[in-house]
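Shown below, as structure tokens, is a lone chain in the form predicted on its own; questions about how it binds or moves come after it.
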Amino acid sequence: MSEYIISGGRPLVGQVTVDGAKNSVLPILCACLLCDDGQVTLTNCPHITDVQYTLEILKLFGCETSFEDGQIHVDAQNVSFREIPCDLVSRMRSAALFLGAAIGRFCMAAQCRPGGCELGSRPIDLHLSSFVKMGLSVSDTGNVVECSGCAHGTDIFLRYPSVGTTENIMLAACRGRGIVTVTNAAREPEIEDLQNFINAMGGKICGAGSGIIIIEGVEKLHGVNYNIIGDRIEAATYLAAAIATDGEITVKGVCPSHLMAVTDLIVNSGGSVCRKNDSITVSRAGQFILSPGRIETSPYPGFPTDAQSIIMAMLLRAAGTTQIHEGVFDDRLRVSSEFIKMGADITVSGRTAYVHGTERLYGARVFAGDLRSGAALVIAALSAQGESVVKNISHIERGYNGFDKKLKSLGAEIIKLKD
């Protein structure tokens, strides 16, 4: 089991560039399966394990792929239908998006239910009911899902603006028949990125980002060169680390408007924020980090659940008490017990954590239970006194490319020990 050894107490200072968004590149890679005319080239792709897993699944279908220096080539012209083995699907939540992609390309799909980080209940019932509304036949044994048919035009209202469901509808319908209108669709920037990619291949989708998405099916999609947007959650990680360590960081390669909920909270916590076209600079404006009061995660443009544990790490030494309510996942506060090992003062009641700011954190041996909590533990370790060991960093490497190297470039004392 690989681990980080971190000596805390050093302010992070400097400039860092984020990679392409994990939550964009994965659905876009799934969408490459829909291209039956030419090759797709994606740039600004992060070299993370979830991308490698996704490429494995594309190869299973018969796609030709290559990945070098942040550039991925996918040729899906000569593919054939395959059922995705459970061992591949169980590795990541986004594997569920191959249901929509396979429906769009082959008019059939079959796979086990997806895995990924253990964040509580994450059903795909909303995905499947949306498929049924589009005229597909769906069989769900509780373990294996099978779908068949061609998506037909319809109106779909989502009772919750699910990102994965919205993406699966877009993938299934973009080569279907007729027009599918999705109301209360997810509004995340990564949804818009998927729309723009499909449209660049010749698709006809509009409305992403507004909550109402209209998808008109087309017969074919062609190859394209496309650049993935910057990762807003990776950016939030470095911004939070700067405040937690009393440093000053400029994060480049990200759209500042995608991070307004995070940067406004940093200002409310006593930080200074300067936004430019494709960069954000933060520093601590005062002597102390201040509690911003109450935080509640919610779908975009609300405060992102993926940044919740990261911001909690930033606020462990804030003056006052911060109330953090997790409004998306029911088991995302588990990291609190690891923070407590480092001297944090946290009480948890249901989906709400009460973070009572403490003067100091101390180095400890902690365990990364999922991707974002792993990154949060690194932030806490960077701001603690003494040495910390963060174990099970394979979770972190699912979403961060060269995390230790980037932190070192900012002045962190961090060593990666491999298995």
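So that there is no doubt, residue numbering starts at 1 and follows the sequence shown. These numbers were taken from a predicted model, which means no experiment stands behind them.
There is also a form predicted in complex with a small molecule; it is not shown, and the following applies to it.
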All of 35, 181 and 216 with a heavy atom within 4.5 Å of the small molecule in the model of the complex: no
So in the model of the complex, is the small molecule close enough to residue 401 to count as touching (4.5 Å, heavy atoms)? no
Test of understanding: in the model of the complex, would residue 193 fall inside 4.5 Å of the small molecule by heavy atoms? no
Any of the heavy atoms of residue 292 lying within 4.5 Å of the small molecule in the model of the complex? no
Looking in the model of the complex, any heavy atom of residue 126 within 4.5 Å of the small molecule? yes
Given that the small molecule is left out here, which of 136, 163, 254, 205 has a heavy atom within 4.5 Å of it in the model of the complex? 163
Identify, from the list 269, 94, 263, 111, the residue with a heavy atom within 4.5 Å of the small molecule in the model of the complex. 94
Which is the contacting stretch out of 236 to 244, 155 to 163, 317 to 325, 196 to 204, given heavy atoms within 4.5 Å of the small molecule in the model of the complex? 155 to 163
